[in-house]
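First, one chain by itself in structure tokens, the form predicted alone.
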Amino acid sequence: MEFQLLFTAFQAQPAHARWPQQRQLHECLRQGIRSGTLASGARLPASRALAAELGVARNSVLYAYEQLASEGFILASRRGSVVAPLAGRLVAAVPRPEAPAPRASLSRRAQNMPALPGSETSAAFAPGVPALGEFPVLRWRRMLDKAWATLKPAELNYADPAGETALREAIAGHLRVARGALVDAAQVFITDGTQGSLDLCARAFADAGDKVWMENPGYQGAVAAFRAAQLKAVGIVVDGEGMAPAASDWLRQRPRLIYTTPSHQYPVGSVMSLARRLALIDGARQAGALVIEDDYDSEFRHDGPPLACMQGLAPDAPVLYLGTFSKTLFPGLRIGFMVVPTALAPALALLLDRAAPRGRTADQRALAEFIVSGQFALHLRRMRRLYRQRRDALVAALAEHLGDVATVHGGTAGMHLALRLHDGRVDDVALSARLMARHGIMAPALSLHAVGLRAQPWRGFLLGYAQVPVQAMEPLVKKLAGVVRGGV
């Protein structure tokens, strides 16, 4: 073996130029063994001989040999130092160039996860983004500072997995008054947001392979959560009264969970009728299923009084009620909640106690004070007025510039509406990409919200308006109309 050539080539690499001599020699021999250049069982030269050949100090050779021996790459014997058999097995595991090793990557399941809606951007018309500039930051900061000032050292530890008692009580009180919920604090569980709530529902209340009904078109964040839990999503058609399961669905596609957004269907904005809500609750009881009611933006009702939630329509309804402060306050808060039936609350509390240590005590206490002090209700009233003005401006601009080719749906509530194109053959995905590339406008395609194997006929765009000033609506809609009509 020509050790001089091996060592010279190693030293010539820029990455090794500044290494100490003994480290250079150790790593050179180590790489030679791992690559197979120094084969298993090969005898290495005596330390004096190798030092003379390479022109290095003998101590450097002794250091390299000792390190290799401690790592198991060489063995000492009467014949001197030899390459250990273990090294040969390492070499065998290294693929040759003609058979490259598979690259490390995400699992196929993870690679197929649908993308979540674009709430991470402030581009018009990104859905789910509130008017962040209108949030009372100074008032919130004072409440947060007060919460931190009252924390005791022991309260810096993990907190109650169900959440701070003060916040659970504040949420329960708000829901009883504002949403007609039948709830007490013991049924409320604090989460990191709606996505965290969905993930918890999927894993706590269903097993792999169970069926979950979803609105079609529907919320892709829920699809991601259910797919990650290995549940089978069954798309149920949506009409003007919301989710519309047929009698055959109850017989042939018996669900374990039923996910719905009844107060403002995502993405098309339908409001589920009272008759449909009661029928869904009754069907869930008979099927032994749980309804997941995602009430993500129902605080913002623009036409008429707020609707009562499904959870409060019947005593101990089989409903898991989900809410979030990402839309009403700001997404970075990362606080949501879920309300579970009384009979399930103890079991869920025990599960979380075993598996989900929680913290962020100060944030939760500040939020509790924000609610109890009346600041939350005040902020909601201000945002309702603002969002109504922005909704009106968007609807008027759409009617003027696209009224002959598209229809607005779902503008009665929430922070977004759906613009459905009359021509169902339009490639709304391509148009959406063109809007972003040419004008920086985010208008997610409705066709991408299909769920399950059943086709859904919606073609058009999801348009969030909460973060778009009134004066910007018409110029933006003109650009949208130009792309839809084939211009720029």
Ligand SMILES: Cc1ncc(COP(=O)(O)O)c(C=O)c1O
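Bear in mind the structure is a predicted one, so any value in this text is a computation, not a measurement. Don't overthink the numbering: it's just position in the shown sequence, from 1.
The next section is about a form of this same protein that is not shown, the form predicted in complex with the named molecule.
Of the candidate stretches 172 to 180, 186 to 194, 398 to 406, 159 to 167, only 186 to 194 contains residues with a heavy atom within 4.5 Å of the named molecule in the predicted bound form. Although the partner is absent here, residue 213 lies well away from the named molecule in the predicted bound form, with no heavy atom inside 4.5 Å. Interface membership of residue 296, defined by any non-hydrogen atom within 4.5 Å of the named molecule in the predicted bound form, is confirmed. For the chain shown alone, residue 125 is not a contact residue for the named molecule in the predicted bound form, no non-hydrogen atom being within 4.5 angstroms. The named molecule is not drawn, but in the predicted bound form it has a heavy atom within 4.5 Å of residue 219. Among 365, 277, 327, 391, the residue placing a heavy atom within 4.5 Å of the named molecule in the predicted bound form is 327. Contact with the named molecule in the predicted bound form, defined as a heavy atom within 4.5 Å, holds for exactly one of 358, 334, 203, 232, namely 334. In the predicted bound form, 259, 261, 266 are the residues of 253 to 278 with at least one heavy atom within 4.5 Å of the named molecule, listed from first to last.
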